[in-house]
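In structure tokens, the next block holds one chain alone, the form predicted on its own.
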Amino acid sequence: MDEKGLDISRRHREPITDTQLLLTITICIFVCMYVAAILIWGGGFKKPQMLFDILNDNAYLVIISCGLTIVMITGSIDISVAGVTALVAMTGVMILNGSMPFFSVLQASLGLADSSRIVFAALMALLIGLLFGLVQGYLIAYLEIQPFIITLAGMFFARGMITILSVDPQKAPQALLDILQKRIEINWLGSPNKNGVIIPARMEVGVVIAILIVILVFCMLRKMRIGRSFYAVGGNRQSALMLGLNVRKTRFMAHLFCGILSGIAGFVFMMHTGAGNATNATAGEMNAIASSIIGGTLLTGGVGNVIGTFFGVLTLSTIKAIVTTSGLRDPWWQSITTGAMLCLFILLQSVILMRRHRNKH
């Protein structure tokens, strides 16, 4: 057998990694759950628009979950992501409706059209996310303060800033909302209404942004040196140091990326709702952590995949849709089922990995 044949044979014998195994489990569970929903409940689940509605409502959650996955792979945590998202959404809406004097004066002095406010809002979203990522990343990585404490303070700060900016809910002008909330129509996935007219499936631009971010983060984690460094630091910091990796810089970069993604998520959230409110993205950080764990990311670090996180968001959202369709519309039923599913996934992951590692030895 030639060298090429030996190489192919060796690769076929290589065992599946923990990350790949957990990803496979997550995808299989989501597919089985959605198929069961179609067969048992039918109705809206039979229409492609149901899946697109889940994506439209949770595009921002996909983005912040990607940020949290990066951080959790390094063995850290960030619970400020939803607060940053809400702050960005409020700031963006106030820029769009002219409540921010600086941007209104800048627009008038440059003679720009009202649509230019969208650009200002996008830049401010990136700036806010960048600042949170820089400050929290520095305090965690270089001053070695506990991530939970720092990001908890970041969450309180972001939520407090929302109230300082505006006590009352804000709404973006309809003319700008028409631009932001323009949907992509997919005719070949349409479904007939009561009159037999085919209604095309509609997907928001925010979903496209979320999917692009999933692809980019996946490529970064798998193909780039910084991505491999995240896994190395999360797996074993001492070993990473011995390999010559800059552990502090790696942890700093993880929180920096998470902050930037939280800013982008805030802009996507604003695109979807068109409103700013102190209650925006409530419990978003808990849903993001749950989605990452369901997707196969371990809290201990070193294991995780953003594709699994994406399916984790879909799984979590599908559970909530099933609960609502079943007639259990009270919010605590969603919390109970989410908690039960999260415990099930953690138990399943623990048992599988325990047996897997035992068989290796």
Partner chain sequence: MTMNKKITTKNFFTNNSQLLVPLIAILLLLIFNLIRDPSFFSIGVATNNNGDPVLQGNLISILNGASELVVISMGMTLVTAASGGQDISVGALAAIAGSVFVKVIKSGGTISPALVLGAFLLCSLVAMIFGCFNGMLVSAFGIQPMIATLILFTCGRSIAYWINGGATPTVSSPIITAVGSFIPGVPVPTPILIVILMAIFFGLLFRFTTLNLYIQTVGINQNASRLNGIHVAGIKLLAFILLGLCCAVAGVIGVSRLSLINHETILLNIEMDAILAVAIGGNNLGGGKFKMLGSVLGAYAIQALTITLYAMKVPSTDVKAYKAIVIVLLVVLGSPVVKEAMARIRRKLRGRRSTALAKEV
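Numbering follows the first chain given and starts at 1. These numbers were taken from a predicted model, which means no experiment stands behind them. Superpose the two forms; the largest set of C-alphas matching within 1.5 Å is the rigid core.
Form predicted in complex with its partner chain: not shown, discussed below.
In the predicted bound form, its partner chain lies farther than 4.5 Å from every heavy atom of S104. Taking non-hydrogen atoms only, G160 approaches its partner chain to within 4.5 angstroms in the predicted bound form. By the criterion of a heavy atom within 4.5 Å, A153 is counted among the residues contacting its partner chain in the predicted bound form.
The shortest heavy atom separation between I293 and its partner chain in the predicted bound form is within 4.5 Å. Only one listed stretch (89-97, 161-169, 115-123, 179-187) carries heavy atoms within 4.5 Å of its partner chain in the predicted bound form, and that stretch is 161-169. The contact residue chosen from L216, I198, I145, A175 relative to its partner chain in the predicted bound form is I145, the criterion being a non-hydrogen atom within 4.5 angstroms. Contacts with its partner chain in the predicted bound form, taken as any heavy atom within 4.5 Å, map within 295-314 to L298, L299, T300. With the core held fixed between this form and the one not shown, I336 has its Cα displaced by at least 2 Å.
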